[in-house]
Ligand code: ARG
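There is one chain below, alone, in structure tokens, taken in the form predicted alone.
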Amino acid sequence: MTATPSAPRLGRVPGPAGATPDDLRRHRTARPRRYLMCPPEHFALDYAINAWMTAGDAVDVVRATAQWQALRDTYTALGHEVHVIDPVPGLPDMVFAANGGLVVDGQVMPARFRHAERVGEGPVYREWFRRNGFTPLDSPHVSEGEGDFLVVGRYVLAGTGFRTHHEAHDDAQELLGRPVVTLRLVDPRFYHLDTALAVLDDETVAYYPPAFSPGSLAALRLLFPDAVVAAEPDAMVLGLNAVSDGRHVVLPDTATGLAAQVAARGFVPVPVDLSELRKAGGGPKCCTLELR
């Protein structure tokens, strides 16, 4: 059974009264991470399965690859380790590695995609996990990896409404042994949880309230009373599709308001340009799966 909003409050007061961003920044600690990414070698808009996509729209694969490489270089410059899975022809969305599974404590619940166009990605990612020492624990239900499962400290926030089935939330808790909090998405522009909510550290998140059902929004306010609340202009450029190491927040360069908000909390915003991949509804987080 998934956890309920009565779970302990995860948010924290961002600092003592009168604390400046510099004061807060001194307490932010970056933790080295391991990420999995997939080059956009076969990236295309051959179909439309979310509100951001238009089938047949032109994409510049050279530009997309340069932007992806810049994101990878950003991670390595910040001291993180990046693993790369080989792209497969005919799977243009495989670049969005976050959807490949949920990895916790060396175990992984591999993805099972909702749309037929992406179903082929599941076995490819599952085999990569198996060959690289992760134990696959399969759910029979639709689940789209870190697109809809975000780890916050000891907890997992889990999205449903458009892609991942609610039953997969129960499976994640039983298979991986982490308390799971269900959040329902209601706006098709925010089809995955990672488009509407970003994890900044083990106790802090940023989110866009209109993306959630009334009950889920109430749960977020209870669990994270001091969350960063994103404004519409930043949400509409997928600003919340961000990756944080606890200090640095890698986010789309067009999300300038959100960058200022996280900076005011003592985080260090690291803007990147992923405009070509945004044509398919993706940003930094979509391209990045954390290997825990």
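Residue numbers run from 1 along the displayed sequence. Since the model is a prediction, treat every value here as computed from it, not as a measurement.
Beyond what is shown, the protein has a form predicted together with the named molecule; the following relates to that form.
S.K.: All three of Val104, Val199 and Ser244 touching the named molecule in the model of the complex at 4.5 Å, heavy atom to heavy atom?
M.R.: None of them does, since no heavy atom lies within 4.5 Å of the partner.
S.K.: Residue-level question: is Val228 within 4.5 Å of the named molecule in the model of the complex, judged on heavy atoms?
M.R.: Residue-level check for Val228: no, no contact with the named molecule.
S.K.: Counting only non-hydrogen atoms and a 4.5 angstroms cut-off, does Tyr191 reach the named molecule in the model of the complex?
M.R.: Result yes; Tyr191 sits at the interface with the named molecule in the model of the complex.
S.K.: Does any heavy atom of Thr164 come within 4.5 Å of a heavy atom of the named molecule in the model of the complex?
M.R.: Flag for Thr164 set to no.
S.K.: Met53: heavy atom within 4.5 Å of the named molecule in the model of the complex?
M.R.: Residue-level check for Met53: yes, a contact with the named molecule.
S.K.: Have a look at 251-259, 27-35, 43-51, 63-71 and name the one stretch with heavy atoms inside 4.5 Å of the named molecule in the model of the complex.
M.R.: That would be stretch 43-51.
S.K.: In the model of the complex, which of the listed residues (Arg178, Arg184, Arg118, Arg126) lies with a heavy atom within 4.5 Å of the named molecule?
M.R.: Selected option: Arg118.
S.K.: Taking heavy atoms and a 4.5 Å limit, what residues of 91-120 are near the named molecule in the model of the complex?
M.R.: Contacts from 91-120: Asp93, Phe96, Ala98, Asn99, Arg118.
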